[in-house]
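Encoded as C-alpha coordinates, the following chain is the form predicted alone, with no partner shown.
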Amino acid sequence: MKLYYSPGACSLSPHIVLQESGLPYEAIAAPTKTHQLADGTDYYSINPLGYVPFLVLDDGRTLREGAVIVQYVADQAPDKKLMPAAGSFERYQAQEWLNFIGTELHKGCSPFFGGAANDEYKAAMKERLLKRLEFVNQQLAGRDYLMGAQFSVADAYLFTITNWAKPVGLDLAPLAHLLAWRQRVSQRPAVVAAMQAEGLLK
(Lines give C-alpha, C1' and ligand atoms only; values in the text may rest on other atoms or scores of the structure.)
Protein backbone atom coordinates (compact mmCIF):
# COMPACT_ATOMS: atom_id res chain seq x y z
CA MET A 1 0.00 0.00 0.00
CA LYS A 2 1.02 3.60 -0.59
CA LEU A 3 -0.18 6.45 1.61
CA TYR A 4 0.13 9.95 0.21
CA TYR A 5 0.31 12.49 3.02
CA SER A 6 1.18 16.09 3.81
CA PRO A 7 3.14 16.64 7.05
CA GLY A 8 0.85 17.45 9.96
CA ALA A 9 -2.31 17.40 7.86
CA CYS A 10 -5.32 15.14 8.49
CA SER A 11 -3.39 12.38 6.70
CA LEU A 12 -1.46 11.90 9.95
CA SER A 13 -4.47 9.89 11.15
CA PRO A 14 -4.17 7.03 8.62
CA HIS A 15 -0.39 7.29 8.93
CA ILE A 16 -0.73 6.48 12.65
CA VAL A 17 -3.22 3.69 11.94
CA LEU A 18 -0.92 2.11 9.36
CA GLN A 19 1.88 2.17 11.93
CA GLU A 20 -0.41 0.64 14.54
CA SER A 21 -1.54 -2.07 12.10
CA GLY A 22 1.93 -3.42 11.43
CA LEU A 23 1.02 -3.81 7.74
CA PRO A 24 3.65 -3.05 5.09
CA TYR A 25 3.18 0.32 3.42
CA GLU A 26 5.05 3.21 1.82
CA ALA A 27 4.43 6.79 2.94
CA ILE A 28 4.89 9.38 0.20
CA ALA A 29 4.92 13.10 0.94
CA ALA A 30 2.49 15.09 -1.19
CA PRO A 31 2.67 18.64 0.21
CA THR A 32 -0.69 20.37 -0.11
CA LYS A 33 0.94 23.73 -0.79
CA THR A 34 2.94 22.64 -3.84
CA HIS A 35 1.05 19.51 -4.94
CA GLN A 36 4.37 18.20 -6.15
CA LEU A 37 6.12 15.01 -5.09
CA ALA A 38 9.83 14.84 -4.31
CA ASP A 39 10.54 13.41 -7.78
CA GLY A 40 8.70 16.30 -9.44
CA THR A 41 5.50 14.39 -10.18
CA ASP A 42 2.35 16.52 -10.24
CA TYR A 43 0.22 15.12 -7.41
CA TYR A 44 -2.96 15.96 -9.33
CA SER A 45 -1.92 13.28 -11.84
CA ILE A 46 -2.23 10.74 -9.00
CA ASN A 47 -5.21 12.17 -7.11
CA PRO A 48 -7.28 14.56 -9.27
CA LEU A 49 -8.74 16.16 -6.12
CA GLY A 50 -5.26 17.10 -4.95
CA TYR A 51 -5.85 16.54 -1.24
CA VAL A 52 -4.61 14.04 1.29
CA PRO A 53 -4.83 11.35 2.54
CA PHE A 54 -4.87 9.11 -0.51
CA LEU A 55 -4.35 5.37 -0.24
CA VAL A 56 -3.30 3.26 -3.23
CA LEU A 57 -3.62 -0.49 -2.81
CA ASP A 58 -1.18 -2.95 -4.34
CA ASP A 59 -3.70 -3.78 -7.06
CA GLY A 60 -4.15 -0.12 -7.98
CA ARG A 61 -7.50 0.49 -6.30
CA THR A 62 -7.71 3.68 -4.27
CA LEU A 63 -9.40 5.23 -1.25
CA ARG A 64 -9.35 8.94 -0.59
CA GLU A 65 -11.37 9.75 2.55
CA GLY A 66 -9.48 9.56 5.85
CA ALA A 67 -12.32 8.15 7.95
CA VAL A 68 -12.82 5.37 5.40
CA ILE A 69 -9.11 4.67 4.94
CA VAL A 70 -8.57 4.09 8.66
CA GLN A 71 -11.48 1.62 8.80
CA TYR A 72 -10.15 -0.27 5.78
CA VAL A 73 -6.66 -0.50 7.28
CA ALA A 74 -8.04 -1.59 10.65
CA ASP A 75 -10.02 -4.37 8.98
CA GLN A 76 -6.85 -5.69 7.32
CA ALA A 77 -5.30 -6.22 10.76
CA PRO A 78 -8.22 -7.40 12.94
CA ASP A 79 -5.90 -8.79 15.62
CA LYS A 80 -4.85 -5.21 16.46
CA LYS A 81 -8.45 -4.34 17.40
CA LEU A 82 -8.20 -0.84 15.94
CA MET A 83 -11.87 -1.03 14.95
CA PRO A 84 -14.64 -3.09 16.58
CA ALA A 85 -16.03 -6.05 14.66
CA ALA A 86 -18.40 -5.38 11.76
CA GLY A 87 -22.02 -5.62 12.85
CA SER A 88 -21.30 -4.98 16.52
CA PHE A 89 -22.88 -2.01 18.30
CA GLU A 90 -19.36 -0.86 19.22
CA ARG A 91 -18.57 -0.62 15.51
CA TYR A 92 -21.30 1.95 15.09
CA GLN A 93 -20.07 3.83 18.15
CA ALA A 94 -16.61 4.04 16.60
CA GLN A 95 -18.13 5.25 13.33
CA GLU A 96 -20.13 7.78 15.32
CA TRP A 97 -16.87 9.16 16.73
CA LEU A 98 -15.25 9.25 13.28
CA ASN A 99 -18.24 11.15 11.90
CA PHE A 100 -18.31 13.56 14.84
CA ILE A 101 -14.59 14.29 14.56
CA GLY A 102 -14.85 14.74 10.80
CA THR A 103 -17.89 17.02 10.74
CA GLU A 104 -17.81 18.84 14.06
CA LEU A 105 -14.05 19.21 14.65
CA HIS A 106 -12.10 18.70 11.43
CA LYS A 107 -14.34 20.84 9.24
CA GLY A 108 -14.65 23.36 12.06
CA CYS A 109 -10.94 24.05 11.75
CA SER A 110 -11.15 24.81 8.02
CA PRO A 111 -11.66 28.61 8.36
CA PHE A 112 -8.32 28.88 10.17
CA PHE A 113 -6.29 27.31 7.35
CA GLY A 114 -6.65 29.61 4.38
CA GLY A 115 -9.83 30.95 2.88
CA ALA A 116 -11.40 34.35 3.33
CA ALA A 117 -13.13 33.90 6.69
CA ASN A 118 -13.36 37.16 8.65
CA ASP A 119 -12.40 37.53 12.32
CA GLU A 120 -16.02 37.51 13.51
CA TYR A 121 -16.68 34.16 11.81
CA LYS A 122 -13.43 32.71 13.15
CA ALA A 123 -14.33 33.78 16.69
CA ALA A 124 -17.72 32.08 16.38
CA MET A 125 -16.14 28.91 15.04
CA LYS A 126 -13.55 28.89 17.81
CA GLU A 127 -16.31 29.09 20.43
CA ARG A 128 -18.17 26.24 18.73
CA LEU A 129 -15.04 24.09 18.54
CA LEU A 130 -14.34 24.60 22.24
CA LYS A 131 -17.90 23.54 23.12
CA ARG A 132 -17.46 20.37 21.06
CA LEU A 133 -14.11 19.68 22.72
CA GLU A 134 -15.68 20.19 26.15
CA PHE A 135 -18.08 17.40 25.23
CA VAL A 136 -15.16 15.17 24.20
CA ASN A 137 -13.41 16.03 27.46
CA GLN A 138 -16.47 14.87 29.43
CA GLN A 139 -16.65 11.62 27.44
CA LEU A 140 -13.00 10.85 28.25
CA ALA A 141 -13.56 11.04 32.02
CA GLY A 142 -12.61 7.64 33.43
CA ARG A 143 -11.55 6.30 30.03
CA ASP A 144 -8.12 5.65 28.59
CA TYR A 145 -9.39 6.12 25.03
CA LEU A 146 -12.55 7.19 23.21
CA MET A 147 -13.88 3.63 23.08
CA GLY A 148 -12.78 2.75 26.60
CA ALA A 149 -9.64 0.74 27.34
CA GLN A 150 -8.84 0.00 23.68
CA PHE A 151 -7.05 2.45 21.35
CA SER A 152 -8.97 2.77 18.08
CA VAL A 153 -8.88 4.58 14.75
CA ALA A 154 -11.06 7.29 16.32
CA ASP A 155 -8.24 8.14 18.73
CA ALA A 156 -5.81 8.51 15.83
CA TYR A 157 -8.19 10.93 14.11
CA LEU A 158 -8.92 12.98 17.24
CA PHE A 159 -5.22 13.20 18.10
CA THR A 160 -4.48 14.53 14.62
CA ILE A 161 -7.16 17.21 14.78
CA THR A 162 -6.34 18.31 18.34
CA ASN A 163 -2.73 18.76 17.21
CA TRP A 164 -4.09 21.84 15.44
CA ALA A 165 -5.23 23.51 18.66
CA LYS A 166 -2.23 25.85 18.85
CA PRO A 167 -2.35 27.19 15.25
CA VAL A 168 -6.14 27.55 15.52
CA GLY A 169 -5.79 29.35 18.86
CA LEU A 170 -7.70 26.90 21.04
CA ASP A 171 -6.78 26.78 24.73
CA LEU A 172 -7.02 23.17 25.86
CA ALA A 173 -5.72 23.87 29.38
CA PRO A 174 -9.17 23.62 31.05
CA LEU A 175 -9.80 20.23 29.41
CA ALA A 176 -7.92 17.97 31.82
CA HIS A 177 -9.25 14.64 30.57
CA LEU A 178 -8.50 15.56 26.95
CA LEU A 179 -4.96 16.64 27.84
CA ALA A 180 -4.32 13.43 29.80
CA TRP A 181 -5.64 11.44 26.83
CA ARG A 182 -3.37 13.37 24.42
CA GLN A 183 -0.40 12.55 26.64
CA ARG A 184 -1.25 8.84 26.55
CA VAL A 185 -1.71 8.80 22.78
CA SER A 186 1.44 10.83 22.12
CA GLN A 187 3.54 8.17 23.86
CA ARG A 188 2.34 5.25 21.74
CA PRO A 189 5.26 3.94 19.62
CA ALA A 190 3.18 4.03 16.43
CA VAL A 191 2.23 7.65 17.01
CA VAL A 192 5.84 8.62 17.70
CA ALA A 193 6.97 6.77 14.54
CA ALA A 194 4.37 8.47 12.32
CA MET A 195 5.15 11.89 13.77
CA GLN A 196 8.88 11.37 13.24
CA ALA A 197 8.34 10.18 9.68
CA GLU A 198 6.46 13.41 8.93
CA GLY A 199 9.14 15.57 10.53
CA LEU A 200 6.85 16.61 13.38
CA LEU A 201 9.15 15.21 16.06
CA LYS A 202 12.92 15.22 16.25
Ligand SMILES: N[C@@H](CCC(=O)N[C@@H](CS)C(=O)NCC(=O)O)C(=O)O
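Computed from a prediction, not measured in an experiment: that's the story for all the values here. A residue's number is simply how far along the shown sequence it sits, counting from 1.
Just so it is clear, the following notes concern the form predicted together with the ligand, a form of the same protein that is not shown.
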- Item | Contact flag, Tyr145 vs the ligand in the model of the complex, heavy atom cut 4.5 Å | no
- Item | in the model of the complex, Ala156 touching the ligand (heavy atom, 4.5 Å) | no
- Item | in the model of the complex, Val70 touching the ligand (heavy atom, 4.5 Å) | no
- If you check in the model of the complex, is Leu55 within 4.5 Å of the ligand, heavy atoms only? no
- Query: Which one of these stretches, 173 to 181, 147 to 155, 27 to 35, 130 to 138, sits within 4.5 Å of the ligand in the model of the complex when only heavy atoms are counted?
  - Reply: 27 to 35
- When the ligand is considered in the model of the complex, the residues of 49 to 86 having a heavy atom within 4.5 Å of it are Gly50, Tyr51, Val52, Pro53, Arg64, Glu65, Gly66
